[in-house]
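First, one chain by itself: the form predicted on its own, in structure tokens.
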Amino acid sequence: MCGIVGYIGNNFAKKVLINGLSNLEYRGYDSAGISLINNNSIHTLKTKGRVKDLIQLSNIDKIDGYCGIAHTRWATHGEPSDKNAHPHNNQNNTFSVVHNGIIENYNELKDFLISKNYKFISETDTEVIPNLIDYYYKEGNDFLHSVYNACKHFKGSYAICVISSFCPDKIIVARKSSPLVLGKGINENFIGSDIPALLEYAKYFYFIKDNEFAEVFKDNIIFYDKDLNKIEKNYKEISIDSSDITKNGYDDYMLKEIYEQPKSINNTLNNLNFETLDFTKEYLNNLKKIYIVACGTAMHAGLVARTLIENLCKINVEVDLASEFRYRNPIIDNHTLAIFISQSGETADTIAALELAKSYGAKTIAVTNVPESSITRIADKVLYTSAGPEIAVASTKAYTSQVALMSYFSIYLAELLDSNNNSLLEELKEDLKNIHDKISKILNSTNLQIKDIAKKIYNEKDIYYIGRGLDYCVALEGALKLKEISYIHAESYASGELKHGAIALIENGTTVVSIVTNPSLIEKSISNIQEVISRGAKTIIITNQHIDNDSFNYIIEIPKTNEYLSPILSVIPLQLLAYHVAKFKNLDVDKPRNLAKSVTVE
């Protein structure tokens, strides 16, 4: 959450910084700002709103320089406003800081600084940072040691970039529990909270670990450990096709990413290598439990994986919200396997849950889409979804790639354990091999039908999603997609639970979306749909079964596949439905209000 960009070099910084912010807006977009050093002075401009609002400021054309930092914000402390936007400067305008994370003890630090006659103008936690750095600088420390001494006092998480009019030839960076990368150029260097911000300018990257510091010059970078001892770092080459980070002719990133799913799932399945896990039949037989821990959409992928692992492998699986996992004292030991799913690899709650599981002796696996993300450096083993960059805040291709990966992982475990019918496992592998073609068929055959349905329901205030078994897992994800980008109240229920309270919400004209793909549950599912119809509901059915019933308003047909893999297909119409509803409401589908792509604070 929040995006950081920094530049120092022989070229003017403003263009690089603005382009970087534009590439990072999925991290936050309630305000934006920029600080540049020119003639040994810091010039800062910032505004409530998006990067386009920053560009439109009347005096932005009057400032530039060869060194600067910039930020796009997702508010944690203080409402979105000009004064709360980053960068934040000390009261003498000699230090400027951009910051991702939360300084949990900022009130205590603020009180200390006020006692030293420092004044504050914002409501943010970040404003203590430049002023505390200034305090240590006035105590006789150099620029680097002033930043270092300030960081020793911070409780919480931070990735910071600091510039100073006293030292206009460098940027100092530091991080703890919040991502930060450095891009290496020729006589120029770049800083970003995410690689996509810098791909236009660099293909060689350094990755800063927790409690490390760096002095970034135009022609050199000096790295330091937590005690300010110099350390050496090797850069890594990262190449991504430019079409992966542009809209490539689509109106929105979300629509592009929905249509990329045949390709992204193919990439996922073709790049898997479970042999790196070093699992043995003996190890798996000694497992007492598998935990799958994640947040939001990734957690919904975990729910699908639970059904596959339990049915194919006969191992007890618990799926838990990362934000709750640590606080219920989970039972973990060295007979526990803990799997953590995070598209970005930077989700704060998920990383904290992973660290807890490791401390109790569990073997840990990270499932992520981003190489070199924080989660990959903590987990024992890593499985990459290889879905390619996902820019839209609402996850689509990352979700289906997670489900595809975990489905194949379940098959792999079952083969090691010899716990299931080999013909079923071969059928599942064959279906996975061909599933990209079935997704393409759904996209080509249902989009216009779904767009027409969306046009009829986009003004609704409440929409409900129901399903049984794996269809209920998909209902959860479908409801989340709709509420994320259309702001319509959407809830999901297990169909069999309707009579236990939820059916009281159904009234004449209420829209109910039902997922029906399990042939063994079709009769019960149809009965539940009839129950809501009898209360006046309009029904939208997503199914791969033959349903002959004139009482349903809309039936969206999808191809048949093994029931264990049906969530990969049945979610596609729900993604399209959410997208088209939001478009009919004239909303920004890529940047929904109050949300950010990477949730890097608890």
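What you see is a predicted model; the values in this text were computed from it and never measured. The numbering used is simple: start at 1 and walk along the sequence shown.
Here the subject shifts to the form predicted in complex with a small molecule, a form of this protein not shown in this document.
K.L.:
Between Glu484, Glu215, Asp252, Glu260, only one gets a heavy atom within 4.5 angstroms of the small molecule in the predicted complex; which residue is that?
P.N.:
Filtering the options by heavy-atom distance leaves Glu484.
K.L.:
Considering the small molecule in the predicted complex, which of Cys313, Leu269, Leu480, Ala379 comes within 4.5 Å of it through any heavy atom?
P.N.:
If I apply the 4.5 Å criterion carefully, the residue I get is Leu480.
K.L.:
Hey, in the predicted complex, is Gly296 touching the small molecule, heavy atoms inside 4.5 Å?
P.N.:
Contact with the small molecule, yes.
K.L.:
Is Ala394 part of the interface with the small molecule in the predicted complex - any heavy atom within 4.5 Å?
P.N.:
Heavy-atom contact with the small molecule at 4.5 Å: present for Ala394.
K.L.:
Indicate whether the small molecule has at least one heavy atom within 4.5 Å of a heavy atom of Asn518 in the predicted complex.
P.N.:
No, Asn518 sits far enough from the small molecule in the predicted complex that none of its heavy atoms falls within 4.5 Å.
K.L.:
Considering non-hydrogen atoms and a 4.5 Å limit, does the small molecule approach Ser342 in the predicted complex?
P.N.:
So Ser342 counts as contacting the small molecule.
K.L.:
Which of 386-394, 173-181, 205-213, 435-443 has heavy atoms within 4.5 Å of the small molecule in the predicted complex?
P.N.:
Only one stretch passes the 4.5 Å heavy-atom test: 386-394.
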